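We give C-alpha coordinates for two forms of one protein chain below, kept apart as structure 1 and structure 2.
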Structure 1
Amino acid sequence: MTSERKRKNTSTRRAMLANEIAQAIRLRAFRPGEWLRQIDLEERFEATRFDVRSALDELAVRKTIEHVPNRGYRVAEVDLKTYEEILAARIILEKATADGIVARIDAAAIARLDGLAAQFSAAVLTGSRTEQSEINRAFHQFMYSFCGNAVLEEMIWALRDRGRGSQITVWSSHELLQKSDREHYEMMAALKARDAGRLAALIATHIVKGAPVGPAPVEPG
(Lines of atoms letter the chains of each structure in order from A and count residues from 1; the text may use other names and numbers.)
(Lines give C-alpha, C1' and ligand atoms only; values in the text may rest on other atoms or scores of the structure.)
Protein backbone atom coordinates (compact mmCIF):
# COMPACT_ATOMS: atom_id res chain seq x y z
CA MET A 1 0.00 0.00 0.00
CA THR A 2 1.35 3.38 -0.93
CA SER A 3 1.38 5.67 2.06
CA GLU A 4 0.31 8.68 0.17
CA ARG A 5 -0.01 11.94 2.01
CA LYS A 6 -3.41 13.55 2.00
CA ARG A 7 -3.29 16.82 0.22
CA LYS A 8 -6.01 19.12 1.43
CA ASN A 9 -7.07 22.10 -0.58
CA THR A 10 -5.71 25.55 0.00
CA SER A 11 -8.57 27.07 1.91
CA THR A 12 -8.32 24.33 4.50
CA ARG A 13 -4.56 24.53 4.79
CA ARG A 14 -4.64 28.28 4.96
CA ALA A 15 -7.23 28.30 7.71
CA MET A 16 -5.23 25.78 9.72
CA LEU A 17 -1.99 27.67 9.30
CA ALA A 18 -3.67 30.97 10.12
CA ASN A 19 -4.96 29.46 13.33
CA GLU A 20 -1.56 28.07 14.22
CA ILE A 21 0.04 31.44 13.72
CA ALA A 22 -2.75 33.12 15.65
CA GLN A 23 -2.19 30.75 18.52
CA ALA A 24 1.53 31.42 18.45
CA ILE A 25 0.73 35.11 18.73
CA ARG A 26 -1.62 34.40 21.65
CA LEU A 27 1.14 32.48 23.37
CA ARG A 28 3.44 35.43 22.81
CA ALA A 29 5.79 33.46 20.61
CA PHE A 30 5.57 36.57 18.47
CA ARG A 31 5.19 39.88 20.23
CA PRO A 32 3.25 42.96 19.16
CA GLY A 33 5.23 44.88 16.57
CA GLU A 34 7.42 41.91 15.70
CA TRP A 35 7.93 41.17 12.01
CA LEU A 36 6.76 37.82 10.74
CA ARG A 37 9.31 36.81 8.14
CA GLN A 38 7.79 34.56 5.54
CA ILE A 39 10.87 32.33 5.28
CA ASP A 40 10.89 31.73 9.02
CA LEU A 41 7.22 30.83 9.02
CA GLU A 42 7.76 28.41 6.12
CA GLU A 43 10.27 26.48 8.18
CA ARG A 44 8.60 26.77 11.57
CA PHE A 45 5.26 25.50 10.30
CA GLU A 46 6.57 23.43 7.41
CA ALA A 47 4.41 25.16 4.86
CA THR A 48 4.96 26.53 1.40
CA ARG A 49 5.56 30.17 0.74
CA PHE A 50 2.17 30.35 -0.89
CA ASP A 51 0.32 28.99 2.11
CA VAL A 52 2.19 31.27 4.45
CA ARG A 53 1.21 34.30 2.44
CA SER A 54 -2.44 33.25 2.30
CA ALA A 55 -2.53 32.71 6.03
CA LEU A 56 -0.89 36.07 6.68
CA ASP A 57 -3.41 37.74 4.41
CA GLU A 58 -6.23 36.16 6.34
CA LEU A 59 -4.81 37.28 9.66
CA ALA A 60 -4.37 40.78 8.26
CA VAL A 61 -8.05 40.89 7.31
CA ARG A 62 -8.88 39.74 10.84
CA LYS A 63 -6.59 42.51 12.09
CA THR A 64 -4.54 40.13 14.16
CA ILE A 65 -1.54 41.28 12.19
CA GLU A 66 -0.81 44.28 10.03
CA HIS A 67 0.44 44.40 6.48
CA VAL A 68 2.98 47.00 5.44
CA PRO A 69 3.59 46.96 1.67
CA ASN A 70 7.12 45.95 0.73
CA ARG A 71 8.00 45.48 4.38
CA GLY A 72 5.88 42.50 5.24
CA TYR A 73 3.56 41.51 8.04
CA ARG A 74 3.93 42.26 11.71
CA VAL A 75 1.92 41.54 14.81
CA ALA A 76 -0.54 44.40 15.17
CA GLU A 77 0.19 46.99 17.78
CA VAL A 78 -2.96 48.37 19.31
CA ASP A 79 -2.89 51.93 20.53
CA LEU A 80 -4.48 52.86 23.84
CA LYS A 81 -7.60 54.42 22.33
CA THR A 82 -8.35 51.37 20.23
CA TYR A 83 -7.60 49.12 23.18
CA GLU A 84 -10.17 50.92 25.27
CA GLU A 85 -12.67 50.65 22.44
CA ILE A 86 -12.01 46.92 22.22
CA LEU A 87 -12.54 46.56 25.97
CA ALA A 88 -15.78 48.53 25.77
CA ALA A 89 -16.99 46.37 22.89
CA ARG A 90 -16.01 43.21 24.77
CA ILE A 91 -17.98 44.30 27.80
CA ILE A 92 -21.03 44.91 25.65
CA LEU A 93 -20.80 41.55 23.90
CA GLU A 94 -19.71 39.37 26.80
CA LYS A 95 -22.35 40.81 29.12
CA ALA A 96 -24.92 40.01 26.47
CA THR A 97 -24.13 36.32 26.73
CA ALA A 98 -25.28 36.10 30.34
CA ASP A 99 -28.98 35.59 29.65
CA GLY A 100 -28.45 32.80 27.17
CA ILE A 101 -25.90 31.05 29.33
CA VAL A 102 -28.10 31.05 32.41
CA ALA A 103 -31.01 29.83 30.33
CA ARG A 104 -29.15 27.01 28.64
CA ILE A 105 -26.38 25.69 30.84
CA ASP A 106 -26.95 22.36 32.55
CA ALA A 107 -25.60 20.69 35.68
CA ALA A 108 -22.93 18.72 33.84
CA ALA A 109 -21.58 21.85 32.21
CA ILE A 110 -21.57 23.67 35.52
CA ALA A 111 -19.55 20.85 37.03
CA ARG A 112 -17.10 21.03 34.16
CA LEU A 113 -16.81 24.79 34.61
CA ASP A 114 -16.13 24.30 38.30
CA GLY A 115 -13.31 22.03 37.27
CA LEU A 116 -11.87 24.66 34.95
CA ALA A 117 -12.11 27.28 37.68
CA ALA A 118 -10.20 24.94 39.97
CA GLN A 119 -7.58 24.35 37.29
CA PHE A 120 -7.14 28.08 37.02
CA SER A 121 -6.67 28.36 40.78
CA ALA A 122 -3.94 25.75 40.57
CA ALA A 123 -2.31 27.54 37.67
CA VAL A 124 -2.31 30.79 39.61
CA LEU A 125 -0.11 29.09 42.20
CA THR A 126 2.22 26.99 40.10
CA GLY A 127 1.58 27.51 36.40
CA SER A 128 3.29 29.66 33.84
CA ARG A 129 1.75 32.77 32.45
CA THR A 130 0.74 31.03 29.23
CA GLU A 131 -0.81 28.13 31.14
CA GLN A 132 -2.89 30.55 33.16
CA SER A 133 -3.89 32.31 29.99
CA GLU A 134 -4.93 29.13 28.20
CA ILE A 135 -6.95 27.80 31.11
CA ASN A 136 -8.64 31.14 31.54
CA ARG A 137 -9.47 31.09 27.86
CA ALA A 138 -10.87 27.58 28.14
CA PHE A 139 -13.06 28.61 31.07
CA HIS A 140 -14.61 31.52 29.24
CA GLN A 141 -14.83 29.73 25.93
CA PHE A 142 -16.73 26.87 27.48
CA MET A 143 -19.02 29.20 29.37
CA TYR A 144 -19.79 31.40 26.38
CA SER A 145 -20.44 28.37 24.22
CA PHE A 146 -23.80 28.09 25.99
CA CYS A 147 -24.96 31.56 25.05
CA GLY A 148 -26.82 30.20 22.03
CA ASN A 149 -25.45 32.72 19.56
CA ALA A 150 -22.50 31.53 17.49
CA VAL A 151 -22.15 34.88 15.74
CA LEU A 152 -21.76 36.60 19.08
CA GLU A 153 -19.14 34.07 20.15
CA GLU A 154 -17.07 34.58 17.02
CA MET A 155 -17.01 38.30 17.55
CA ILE A 156 -15.97 37.92 21.15
CA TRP A 157 -12.97 35.77 20.29
CA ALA A 158 -11.98 37.96 17.40
CA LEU A 159 -12.00 40.92 19.76
CA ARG A 160 -10.02 39.11 22.42
CA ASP A 161 -7.39 38.22 19.85
CA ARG A 162 -7.22 41.79 18.63
CA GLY A 163 -6.80 43.09 22.15
CA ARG A 164 -3.62 41.11 22.58
CA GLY A 165 -1.78 43.59 20.40
CA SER A 166 -1.89 46.09 23.21
CA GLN A 167 1.09 46.98 25.32
CA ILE A 168 -1.08 46.64 28.40
CA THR A 169 -0.26 43.47 30.24
CA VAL A 170 -3.22 41.67 31.68
CA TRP A 171 -2.78 40.46 35.22
CA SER A 172 -0.02 42.97 35.70
CA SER A 173 0.17 42.03 39.36
CA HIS A 174 -0.37 38.86 41.31
CA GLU A 175 -3.27 40.50 43.12
CA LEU A 176 -5.11 41.01 39.85
CA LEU A 177 -4.51 37.40 38.96
CA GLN A 178 -5.96 36.29 42.26
CA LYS A 179 -8.87 38.65 41.78
CA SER A 180 -9.60 37.06 38.42
CA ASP A 181 -9.48 33.69 40.11
CA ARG A 182 -11.97 34.74 42.77
CA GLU A 183 -14.27 36.24 40.20
CA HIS A 184 -14.51 32.92 38.39
CA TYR A 185 -16.06 31.43 41.51
CA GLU A 186 -18.39 34.37 41.90
CA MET A 187 -19.52 33.74 38.34
CA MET A 188 -20.11 30.11 39.23
CA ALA A 189 -22.23 31.19 42.15
CA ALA A 190 -24.30 33.50 39.97
CA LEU A 191 -24.63 30.71 37.45
CA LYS A 192 -25.87 28.25 40.05
CA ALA A 193 -28.30 30.84 41.35
CA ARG A 194 -29.47 31.41 37.76
CA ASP A 195 -28.88 35.10 38.28
CA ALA A 196 -28.18 36.47 34.79
CA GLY A 197 -27.99 40.09 35.91
CA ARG A 198 -25.36 39.30 38.50
CA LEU A 199 -23.40 37.20 36.01
CA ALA A 200 -23.42 40.05 33.53
CA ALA A 201 -22.17 42.48 36.13
CA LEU A 202 -19.39 40.10 37.13
CA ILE A 203 -18.34 39.63 33.52
CA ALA A 204 -18.06 43.39 33.10
CA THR A 205 -15.85 43.91 36.13
CA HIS A 206 -13.85 40.83 35.20
CA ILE A 207 -12.92 42.42 31.88
CA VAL A 208 -12.13 45.81 33.32
CA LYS A 209 -10.23 44.53 36.31
CA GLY A 210 -8.05 42.10 34.45
CA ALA A 211 -6.58 44.95 32.46
CA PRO A 212 -5.54 47.91 34.59
CA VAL A 213 -5.88 51.00 32.46
CA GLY A 214 -3.27 53.50 33.37
CA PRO A 215 0.47 53.70 32.86
CA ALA A 216 1.48 50.68 30.88
CA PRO A 217 4.27 48.58 32.32
CA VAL A 218 7.29 49.35 30.22
CA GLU A 219 9.42 46.56 28.96
CA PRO A 220 13.15 47.16 28.61
CA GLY A 221 14.25 47.02 25.02
Structure 2
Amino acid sequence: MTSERKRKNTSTRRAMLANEIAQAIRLRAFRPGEWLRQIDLEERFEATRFDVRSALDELAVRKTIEHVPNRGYRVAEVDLKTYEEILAARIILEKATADGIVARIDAAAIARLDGLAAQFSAAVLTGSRTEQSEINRAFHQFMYSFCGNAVLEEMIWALRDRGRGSQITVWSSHELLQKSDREHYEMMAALKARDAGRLAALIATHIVKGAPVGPAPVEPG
Protein backbone atom coordinates (compact mmCIF):
# COMPACT_ATOMS: atom_id res chain seq x y z
CA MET A 1 0.00 0.00 0.00
CA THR A 2 1.40 3.38 -0.96
CA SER A 3 1.87 6.16 1.58
CA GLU A 4 -0.84 8.16 -0.22
CA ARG A 5 -3.37 5.33 0.18
CA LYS A 6 -2.42 4.93 3.83
CA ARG A 7 -3.07 8.62 4.43
CA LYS A 8 -6.44 8.39 2.69
CA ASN A 9 -7.44 5.29 4.70
CA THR A 10 -6.39 6.97 7.95
CA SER A 11 -8.32 10.11 7.06
CA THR A 12 -11.42 8.05 6.19
CA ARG A 13 -11.27 6.10 9.46
CA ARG A 14 -10.87 9.31 11.43
CA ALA A 15 -13.82 10.98 9.70
CA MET A 16 -16.06 7.93 10.14
CA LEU A 17 -15.20 7.60 13.83
CA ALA A 18 -15.64 11.34 14.38
CA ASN A 19 -19.10 11.11 12.79
CA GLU A 20 -20.01 8.13 15.02
CA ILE A 21 -18.97 10.01 18.15
CA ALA A 22 -20.81 13.12 16.94
CA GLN A 23 -23.92 11.00 16.40
CA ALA A 24 -23.69 9.67 19.98
CA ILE A 25 -23.43 13.27 21.22
CA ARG A 26 -26.38 14.28 19.04
CA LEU A 27 -28.46 11.48 20.57
CA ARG A 28 -27.42 12.60 24.07
CA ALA A 29 -25.35 9.51 24.86
CA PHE A 30 -22.90 12.17 26.04
CA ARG A 31 -24.29 15.34 27.56
CA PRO A 32 -23.06 18.94 27.19
CA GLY A 33 -20.05 19.42 29.48
CA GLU A 34 -19.44 15.69 29.94
CA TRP A 35 -15.82 14.52 29.87
CA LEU A 36 -14.95 11.92 27.25
CA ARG A 37 -12.61 9.16 28.41
CA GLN A 38 -10.54 7.85 25.52
CA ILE A 39 -10.41 4.29 26.88
CA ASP A 40 -14.24 4.21 27.07
CA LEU A 41 -14.48 5.46 23.49
CA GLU A 42 -11.99 2.81 22.35
CA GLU A 43 -14.20 0.10 23.83
CA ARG A 44 -17.52 1.61 22.76
CA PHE A 45 -16.50 2.15 19.14
CA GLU A 46 -13.98 -0.72 18.91
CA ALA A 47 -11.27 1.65 17.76
CA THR A 48 -7.56 2.10 18.40
CA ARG A 49 -6.20 4.79 20.70
CA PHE A 50 -4.67 6.58 17.71
CA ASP A 51 -7.96 6.63 15.78
CA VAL A 52 -9.91 7.83 18.83
CA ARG A 53 -7.42 10.63 19.47
CA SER A 54 -7.50 11.64 15.80
CA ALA A 55 -11.32 11.64 15.81
CA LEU A 56 -11.41 13.76 18.98
CA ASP A 57 -9.02 16.25 17.41
CA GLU A 58 -11.33 16.41 14.38
CA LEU A 59 -14.38 17.03 16.59
CA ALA A 60 -12.49 19.73 18.50
CA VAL A 61 -11.83 21.50 15.19
CA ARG A 62 -15.56 21.27 14.43
CA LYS A 63 -16.25 22.66 17.96
CA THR A 64 -18.52 19.71 18.74
CA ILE A 65 -16.22 19.05 21.68
CA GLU A 66 -13.50 21.11 23.33
CA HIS A 67 -9.95 20.21 24.31
CA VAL A 68 -8.86 21.36 27.75
CA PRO A 69 -5.05 21.22 28.07
CA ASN A 70 -3.81 18.73 30.69
CA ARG A 71 -7.36 17.48 31.28
CA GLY A 72 -8.75 16.02 28.08
CA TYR A 73 -11.85 16.42 25.92
CA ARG A 74 -15.40 17.25 26.88
CA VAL A 75 -18.64 17.85 25.01
CA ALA A 76 -18.91 21.55 24.19
CA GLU A 77 -21.41 23.62 26.15
CA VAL A 78 -23.19 26.26 24.12
CA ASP A 79 -24.77 29.26 25.84
CA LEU A 80 -27.98 30.89 24.59
CA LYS A 81 -26.23 33.76 22.78
CA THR A 82 -23.95 31.37 20.89
CA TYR A 83 -26.88 29.08 20.11
CA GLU A 84 -28.84 31.97 18.62
CA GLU A 85 -25.78 32.89 16.53
CA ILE A 86 -25.51 29.28 15.34
CA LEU A 87 -29.16 29.39 14.27
CA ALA A 88 -28.60 32.67 12.41
CA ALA A 89 -25.60 31.20 10.59
CA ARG A 90 -27.54 28.03 9.80
CA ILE A 91 -30.33 30.04 8.22
CA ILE A 92 -27.85 31.79 5.92
CA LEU A 93 -26.10 28.57 4.91
CA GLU A 94 -29.12 26.31 4.59
CA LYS A 95 -31.14 28.83 2.59
CA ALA A 96 -28.17 29.04 0.22
CA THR A 97 -28.71 25.39 -0.76
CA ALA A 98 -32.16 25.99 -2.26
CA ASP A 99 -31.17 27.06 -5.77
CA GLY A 100 -28.75 24.17 -6.19
CA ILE A 101 -31.19 21.60 -4.85
CA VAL A 102 -34.00 22.71 -7.14
CA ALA A 103 -31.64 22.72 -10.13
CA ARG A 104 -30.23 19.24 -9.49
CA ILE A 105 -32.80 17.07 -7.77
CA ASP A 106 -34.64 14.60 -10.02
CA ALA A 107 -37.92 12.72 -9.79
CA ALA A 108 -36.36 9.60 -8.26
CA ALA A 109 -34.73 11.65 -5.50
CA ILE A 110 -37.98 13.50 -4.82
CA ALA A 111 -39.72 10.14 -4.49
CA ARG A 112 -37.08 9.04 -1.99
CA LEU A 113 -37.57 12.25 -0.01
CA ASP A 114 -41.31 11.59 -0.02
CA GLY A 115 -40.53 8.21 1.52
CA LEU A 116 -38.37 9.76 4.24
CA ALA A 117 -41.10 12.31 4.99
CA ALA A 118 -43.59 9.44 5.36
CA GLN A 119 -41.18 7.61 7.68
CA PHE A 120 -40.92 10.72 9.83
CA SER A 121 -44.72 11.01 9.96
CA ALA A 122 -44.92 7.41 11.20
CA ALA A 123 -42.20 8.08 13.77
CA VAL A 124 -44.13 11.12 15.03
CA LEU A 125 -47.01 8.77 15.85
CA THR A 126 -45.21 5.73 17.26
CA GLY A 127 -41.44 6.23 17.14
CA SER A 128 -38.94 7.13 19.81
CA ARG A 129 -37.28 10.53 19.96
CA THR A 130 -34.08 8.88 18.69
CA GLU A 131 -35.91 7.49 15.64
CA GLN A 132 -37.53 10.84 14.96
CA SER A 133 -34.19 12.63 15.17
CA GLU A 134 -32.38 10.18 12.89
CA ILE A 135 -35.10 10.15 10.22
CA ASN A 136 -35.30 13.95 10.33
CA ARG A 137 -31.54 14.12 9.83
CA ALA A 138 -31.69 11.63 6.95
CA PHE A 139 -34.37 13.75 5.24
CA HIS A 140 -32.32 16.93 5.39
CA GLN A 141 -29.01 15.23 4.69
CA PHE A 142 -30.38 13.69 1.50
CA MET A 143 -32.02 16.94 0.40
CA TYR A 144 -28.88 19.01 1.00
CA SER A 145 -26.75 16.46 -0.86
CA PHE A 146 -28.17 17.97 -4.08
CA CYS A 147 -26.93 21.50 -3.35
CA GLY A 148 -23.81 20.91 -5.44
CA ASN A 149 -21.35 22.24 -2.85
CA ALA A 150 -19.64 19.70 -0.59
CA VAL A 151 -17.96 22.39 1.53
CA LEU A 152 -21.31 24.05 2.18
CA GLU A 153 -22.73 20.69 3.30
CA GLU A 154 -19.80 20.17 5.69
CA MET A 155 -20.32 23.62 7.20
CA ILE A 156 -24.05 23.01 7.66
CA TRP A 157 -23.60 19.71 9.48
CA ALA A 158 -20.74 21.00 11.61
CA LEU A 159 -22.98 23.85 12.80
CA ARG A 160 -25.94 21.56 13.39
CA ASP A 161 -23.81 19.21 15.48
CA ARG A 162 -22.24 22.09 17.38
CA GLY A 163 -25.71 23.31 18.32
CA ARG A 164 -26.29 20.06 20.18
CA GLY A 165 -24.10 21.42 22.96
CA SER A 166 -26.91 23.68 24.11
CA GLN A 167 -29.42 22.89 26.83
CA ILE A 168 -32.34 24.07 24.69
CA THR A 169 -35.01 21.42 24.36
CA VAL A 170 -35.60 20.09 20.86
CA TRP A 171 -39.26 19.35 20.05
CA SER A 172 -40.40 20.15 23.59
CA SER A 173 -44.02 19.52 22.65
CA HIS A 174 -45.92 17.19 20.35
CA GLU A 175 -47.32 20.23 18.56
CA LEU A 176 -43.81 21.32 17.53
CA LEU A 177 -43.08 17.81 16.34
CA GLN A 178 -46.26 17.81 14.23
CA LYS A 179 -45.39 21.23 12.82
CA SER A 180 -41.97 19.99 11.76
CA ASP A 181 -43.70 17.05 10.08
CA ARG A 182 -46.04 19.33 8.12
CA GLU A 183 -43.15 21.51 7.00
CA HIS A 184 -41.39 18.53 5.45
CA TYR A 185 -44.36 18.13 3.11
CA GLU A 186 -44.41 21.86 2.38
CA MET A 187 -40.75 21.59 1.34
CA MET A 188 -41.64 18.65 -0.88
CA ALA A 189 -44.35 20.75 -2.55
CA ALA A 190 -41.84 23.54 -3.19
CA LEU A 191 -39.40 21.06 -4.70
CA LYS A 192 -42.04 19.56 -6.98
CA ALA A 193 -43.01 23.07 -8.09
CA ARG A 194 -39.32 23.89 -8.66
CA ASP A 195 -39.78 26.95 -6.46
CA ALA A 196 -36.36 27.73 -4.95
CA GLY A 197 -37.56 30.92 -3.26
CA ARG A 198 -40.34 29.10 -1.47
CA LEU A 199 -37.98 26.29 -0.45
CA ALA A 200 -35.48 28.77 1.00
CA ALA A 201 -38.21 30.52 3.00
CA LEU A 202 -39.47 27.20 4.36
CA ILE A 203 -35.97 26.13 5.36
CA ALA A 204 -35.55 29.34 7.37
CA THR A 205 -38.92 28.87 9.08
CA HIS A 206 -38.10 25.24 9.80
CA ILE A 207 -34.85 26.10 11.57
CA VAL A 208 -36.28 28.54 14.09
CA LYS A 209 -39.80 29.48 15.09
CA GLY A 210 -39.36 33.14 16.00
CA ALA A 211 -36.38 34.50 17.88
CA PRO A 212 -36.05 32.72 21.25
CA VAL A 213 -35.54 35.06 24.18
CA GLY A 214 -34.72 32.26 26.60
CA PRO A 215 -34.42 28.47 26.52
CA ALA A 216 -37.37 28.20 24.18
CA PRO A 217 -38.25 25.11 22.16
CA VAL A 218 -36.37 25.11 18.88
CA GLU A 219 -36.78 22.49 16.19
CA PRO A 220 -33.68 20.91 14.67
CA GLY A 221 -34.64 21.63 11.06
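For clarity, a rigid core is taken as the largest C-alpha set superposing within 1.5 Å between two forms. Numbers given to residues start at 1 and step along the sequence of structure 1. All figures in this text were calculated on a predicted structure; none of them were measured in a lab.
Specify the structure that is the form predicted on its own; exactly one of the two qualifies. The chain shown as structure 2 is the form predicted on its own.
For residue 43, decide whether the Cα shift between structure 1 and structure 2 is 2 Å or greater, given a superposition on the rigid core. Result for residue 43: yes, a 2 Å-plus shift.
Checking residue 81 here: with the core superposed, does its CA move 2 Å or more between structure 1 and structure 2? Comparing forms between structure 1 and structure 2, the residue 81 CA shifts below 2 Å.
Residue 104 C-alpha shift between structure 1 and structure 2 of 2 Å or more, rigid core reference: The answer is no; the displacement is under 2 Å.
Using a rigid core fit, what is the CA shift at residue 17 between structure 1 and structure 2, in angstrom? After core superposition, the C-alpha of residue 17 moves 3.0 Å between structure 1 and structure 2.
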